[in-house]
Structures are given as C-alpha cells and as structure tokens.
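We begin with a single chain expressed as structure tokens, specifically the form predicted on its own.
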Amino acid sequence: MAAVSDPIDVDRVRQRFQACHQGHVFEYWDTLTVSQQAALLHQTSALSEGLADLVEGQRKAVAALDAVPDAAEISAPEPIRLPQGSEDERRLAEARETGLGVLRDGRVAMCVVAGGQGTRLGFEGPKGAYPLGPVSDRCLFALQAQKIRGLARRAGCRIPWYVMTSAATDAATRALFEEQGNFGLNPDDVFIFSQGMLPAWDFEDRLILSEPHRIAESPNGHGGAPLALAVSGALEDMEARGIDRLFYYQVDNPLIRMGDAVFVGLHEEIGSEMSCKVIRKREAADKMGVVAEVRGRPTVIEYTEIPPDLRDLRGDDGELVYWAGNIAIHLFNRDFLRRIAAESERCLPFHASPKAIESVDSDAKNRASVGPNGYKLERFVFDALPWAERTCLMEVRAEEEFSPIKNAEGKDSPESSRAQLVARYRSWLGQAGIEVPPGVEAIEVDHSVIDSPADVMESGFSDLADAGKAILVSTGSTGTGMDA
C-alpha cells in the first residue's frame, strides 16, 4: 500500500467512497494522527474495490426483512425420519456400515465454527474455551478434541480438525491450542483459520464509524466458512490429504455426534453434496430456522424471517407442518464448498439484523448506542442448501445431539447443557448394565475412550470403579475416576 502521505492513493479511495455515497467515513480525516490515518486508509482500501457490491448487498438484505415469502411456493420437507420399525433400522444399519467405510478411508475431516465470544455467558474469551465438563470443567474445545481422538482411533486414520475463528477470537484460540498441546491432537492435524469481516450500516444505508478512524465491523457469519476455507488454503489441504467430505458443526453444541457414521453413510448413498441434521421443534416459537421446500428446493428459513402464520401452522394431526428445526450440523462435499466459495455473492446473500452498534457521536466520542441504531450483516451457511444438486435431511433426537449454550441461565445455558450431558452419560451406562451409585450428582466420560453405549459395552467395564480414568464421577464435593 502506498504511504499515507501519497495524495493519489488517498484521493482514489475517497473518490470510490464518494461515488457510493459513503464519503462521510473520511469526515474526521484532518483531525486524525498519522497512525490513525494509516489505519483508516488500510481499512477503506480493503473495502473500496467491492464497495458498490457491499452497498447493493446491504440494501437487498434490509429489503428482505420486510419481504413475505409466497406461501404457495413453500411446502413441508421430507427428511429421513427417526426409525419407526425394523425396515428403517435395517436401512440405518446399512448406512452406518457405508459411513464407517468412508471414515476408515480417511475421507472425512471435522470443521468447527468457533468465532463467537462468551460475552453473553459472562465469560471473557472464545466460547470454545468455556469450561463445561460436568466434573472436570474441561472446555468445549477439549471435549470435542476427545471425540476426534476417539473417532480417529476407531477409524484407524488421522482426522484433521479445521477450526474457524474470527478477528475477536483468533489470537486467543491459537494461544489456547498451543498452551494445551492441541488438546492431544497432532499439531499437523489442526488447521486454524479466520473468517472475514463485514461493515455495519446505519438506518440510512451509511457505513457506521465506531471511532473517527475506524468503520464498525463484525464477523461475516457462519456463511463465511466456504470462502474462508478456500482463501486460507484449507480446501487445498483437504485435497492433498485425500479428504473430500467435511463434517461441519458449531462450537457451542457439546452433544455433537462427531463424524456420525450413519449421517456420513446416508450422505454417501444418496449422492448428496450437502446434508443437514434436523430435530422436531418443541414449540413453534423455538428460535431455530426450519427446513422447508421452497420452489421445489430444500431451504432453511431463519426463525426471524418466517411469517408467523407459516411458523404456527399445524396439520390435521395437530403437529407443526414446519417442524424440521435446523441444528447447524452439516456434511459438505469438498468440491461443492469450492463451488459455493467461488459464487459466494450469488449463493450466500447478506442477512441484516438490527443491532446496537458502537458509533461516534457529533463530538467524535465513542458511545454505546441505546437500542438498535443500525444493521449488522452476515451470511448463513445453510443458504448453500438449495444450490446442491442432491441433499440429505436426517432427523435426530434433540436430547441426544443438540444442547446449545446460548444464554447465561435458563434454557440453552451451561447449566441445562451440563444436565443434558450427565443424563446422556447415565443413559449410556444404564444401557451397558453399569449401575450408578446413590449420591452421584455428576458424571463425565473421556470421549476418546467412550462416545456411545456401544463403547461402554465393548470396553468390558463391570462398574464405575473398573472404568478407572475413563469415567469421572462427583458427589458434589469430590470427584473420582479419570484425571480432572
């Protein structure tokens, strides 16, 4: 980049912003220090070439907030339902064998979206660093790394972990992985990369300045994953390893069934390019997008964008018509991701959300806005679904696979998630005939050893004492078993 003192460079960038009616971002230019001018010029230069597309994309996203989907073009989806009988059980058993073959061939990698911070939980740092182990307080990253180690052991191959961070979490995440020795994984199998950023806009379609020398920005959403995978070299890394399937999930779901062989097998047998797991919504107002058929294509309609009459619609049986809740667990073909990354502007449009955004006031001092004062933009990865030539939708049970940590307390909180984890571990032990002694309040398993009831049964444990370090229990004041 040319020096800040170079008027040609400054003029060129300012002209582009003026042409897009965004010249106000240089309002304080003459009052800035040299270093502040350099910071603003660096940011605006990066935005300037695609600014016209950004402006247009933002306007479309805001207009879409008031758009009402044509109900005549929307119909209920047809996922693969939970097994209802022996025929369904047989199909899923066959899919599991297919999936195990794909895993054993080393064709599947894991990808976690981990750009969020733990602010809403009252936690300083990346959400993946949040301590959630019911007994050990192991963090989310550590619990998930256990699952990857166990999956790799059972598959008999290395399984890379692609970790998507954001500008806010990248440095802290890298430091944590280094401090924790990559949580027991081979460092060559951990690929950390960062998603992109998008600027914020006020209600008059103008870029917001968070400081006199800085445009307000925020992470570009989980829909930034395909492009970030491409730009970072992750897709090339996958190709070099012979990996052509990417299992995608979000870091705040500790119940993730990592690399689920049944899911992988169904994806393979159907010839799917993108697959989704769904759960049955408990209430119409549950804050999760729903999968529907829109103009004959499977599509996720975000909960903020579905009209109430469709959201609440029930059939003759009293059940929700649009019941298939999206839980952000997907399986992608590598070549499909590459195609979506190359066509992000078309396939992954911006979505706008009214937010309170820190901005400068008339005196050029920072202030925290009271109530929404503009829009943050993001892309949604599930918008890629209708672009896939073939798809697979698979219903799963929420109590087994979905317990997100979104709130500090109550529903979808660390407390509710830990309780669900403990209930799941109790169920596994019970199915294996292992009795949990009275007084045990919390249970935690080492997922690198135990990740299903079958693992408990195959382990040969006769009781909790026999399990040793594979199972940790707590009576509320002490913990015993595996190392904490």
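Predicted model only: the values in this text are computed from it and were never measured. Just count from 1 along the sequence shown to find any residue number.
Absent from the display: the form predicted together with ligand UTP. The rest refers to it.
In the model of the complex, ligand UTP sits within 4.5 Å of a heavy atom belonging to N220. Although the partner is absent here, G116 sits close enough that one of its heavy atoms falls within 4.5 Å of ligand UTP in the model of the complex. Contact annotation: T299 falls outside 4.5 Å of ligand UTP in the model of the complex, judged by heavy atom distances.
Although the partner is absent here, S136 sits far enough away that none of its heavy atoms falls within 4.5 Å of ligand UTP in the model of the complex. In summary, the region of this chain contacting ligand UTP in the model of the complex, judged by heavy atoms within 4.5 Å and restricted to 207-215, 171-179, 286-294, 244-252, corresponds to 244-252. Residues K127, M164 and E378 are all found to lie within 4.5 Å of ligand UTP in the model of the complex, as judged by heavy atom distances. Of the listed positions (R154, R96, R339, K406), a single one reaches within 4.5 angstroms of ligand UTP by any non-hydrogen atom in the model of the complex, namely K406. Checked against ligand UTP in the model of the complex, the residues R158, R91, R280, R120 give one hit for a heavy atom within 4.5 Å, which is R120. Along 185-218, a non-hydrogen atom within 4.5 Å of ligand UTP in the model of the complex is carried only by Q195. Note: the CA-CA distance for V135 and Q117 expands in the model of the complex relative to this form, by 3 angstroms or more.
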